[in-house]
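As structure tokens, the next two blocks hold two forms of the same chain, structure 1 and structure 2.
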Structure 1
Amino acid sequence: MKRLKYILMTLCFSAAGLLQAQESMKSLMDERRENREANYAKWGPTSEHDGMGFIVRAGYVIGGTSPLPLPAEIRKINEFSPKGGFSLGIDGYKYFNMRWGLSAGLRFFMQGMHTGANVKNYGMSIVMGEDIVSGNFTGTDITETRMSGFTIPVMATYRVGARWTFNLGPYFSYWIYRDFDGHVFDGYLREGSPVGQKITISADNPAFYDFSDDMRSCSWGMEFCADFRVREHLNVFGLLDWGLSDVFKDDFQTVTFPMYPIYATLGVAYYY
């Protein structure tokens, strides 16, 4: 009997301790949840399904227009420098809870690059006197690209914490200005094909080309953006626009591989 009584008392004390531990754990979890919600409320929309507003963004644009992967025709990149421009725009957002939401925006941008490369059998159409000669060029190629226009991104938004926000989704761009030109030298052009008539092009007398009229007016791709809140209404951000469409029109046959616009923007944003 005494042993049974001891076992029952032990079970009662264990159950009481377990209930007390559960209450303590529940209280701790409630406190953490309240602190988390208070922290989220301090830095942005809460979980009350009314998180709406907009973000004004301004940034510096770097990047370039490139084939992916680099084709065999491009043997060596000798120089590269982004023709950095700027981006200015506004994003509207709607949160459905503390973490998930949607955003859409409208941005004006300027972007471009300067690059020099050694190429072999590179598709080319050059101006020689009053004529345009097409063929395969081997030598040094200098290219400049410049574009400006508007981008519309539509993205899913996820808050990793009270101060970090990630956005991912498709974008659509319209170029109001586009330019793709350059010159070639220190080599030769095989007119018409890799075994065509050889035309020597020296460094003292380079040949020029301009493919601007062969560029599309629209582009699309995926955008990734990361925001970090440094003050209650001030963000620093980095975003990447990864183009998935060729910058040239479908009927353009001179450059035999697609070229994709890949540009990043670093800047600051005011969060309303």
Structure 2
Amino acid sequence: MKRLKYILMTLCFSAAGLLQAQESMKSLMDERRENREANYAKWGPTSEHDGMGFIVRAGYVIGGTSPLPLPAEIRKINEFSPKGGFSLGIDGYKYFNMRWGLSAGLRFFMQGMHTGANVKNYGMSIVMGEDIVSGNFTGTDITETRMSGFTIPVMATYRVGARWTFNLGPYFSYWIYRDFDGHVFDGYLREGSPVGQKITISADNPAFYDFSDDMRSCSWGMEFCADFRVREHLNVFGLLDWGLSDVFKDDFQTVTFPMYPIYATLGVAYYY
């Protein structure tokens, strides 16, 4: 009988202890949530005060226009240098809760690159008016492209933490200015096919091309942007515009594979 009493008492105490532990855990979590909310509120908007605002972004653009994946005919990239420029824009955002929101913006950008590559048996044709030279080129190619225009991104916004925000969504671009030109040299063209007439194209007398007029004026793709709050109202950000549309028009045959613009912007943003 005495034993039973002990057991009951032990059970009661342990239940009380459990309850007490739960209580303290809950208060700790509440405290943390409050801390987090306070932290979120400190670093940016929350649903409590409407969750709307603007971000003004200024950055520098680097990247390139490239076929994806690189065709086997491209043997070696000898040189690459971004020929970007600045990017300036404004995003408006709206949070629906503490973490999730939506943003849309308008940005002016300058993009570009300079690249040199060795190619082997690279199917190409150059169209000049009604004349066409086509065949397989082995040698060196140097390409330079520049574009400037406006981009409208529409992105879902997710706050990973108080200071980190990730944005992901589609973008649409309009190029006001665009050019794409270059030259081939130090190699030869087999006219028509690999068994055709060999035409030597030397470094002394390269063949120039200019496909600027064959570029689209509109493009689209996916944008990913990561913001980090350095201090109140000030972010640093990195964003990547991954083009999903060929930079050339559909009826453009000269470059036999699609070329996609893939450009990153690094910069600072002011938000309020």
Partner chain sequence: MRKIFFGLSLAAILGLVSCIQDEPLNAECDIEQAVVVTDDAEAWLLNASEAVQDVPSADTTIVFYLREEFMDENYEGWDRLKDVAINFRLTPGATITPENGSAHDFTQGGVYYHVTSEDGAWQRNYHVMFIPVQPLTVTYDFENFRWESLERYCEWFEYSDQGNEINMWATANPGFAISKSSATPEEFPTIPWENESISGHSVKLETRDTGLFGVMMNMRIAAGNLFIGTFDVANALQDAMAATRFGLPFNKKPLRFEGYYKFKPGEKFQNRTGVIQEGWVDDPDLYAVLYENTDENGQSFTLQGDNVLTHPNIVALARVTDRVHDFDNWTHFDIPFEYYKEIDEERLKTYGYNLSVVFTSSIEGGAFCGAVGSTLLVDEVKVTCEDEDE
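Under this definition, the rigid core comprises the largest set of C-alpha atoms superposing within 1.5 Å between the forms. Just so it is clear, the structure is predicted and the values come from calculations on it, not from any experiment. For numbering, take structure 1's sequence and count from 1.
Here the chain taken from the form predicted together with its partner chain appears as structure 2, while structure 1 comes from elsewhere. When two forms of a protein are overlaid on their rigid core, residues whose CA moves 2 Å or more are considered shifted, and V195 is one of them between structures 1 and 2. For G135, the Cα coordinates differ by 2 angstroms or more between structures 1 and 2 after the core has been superposed.
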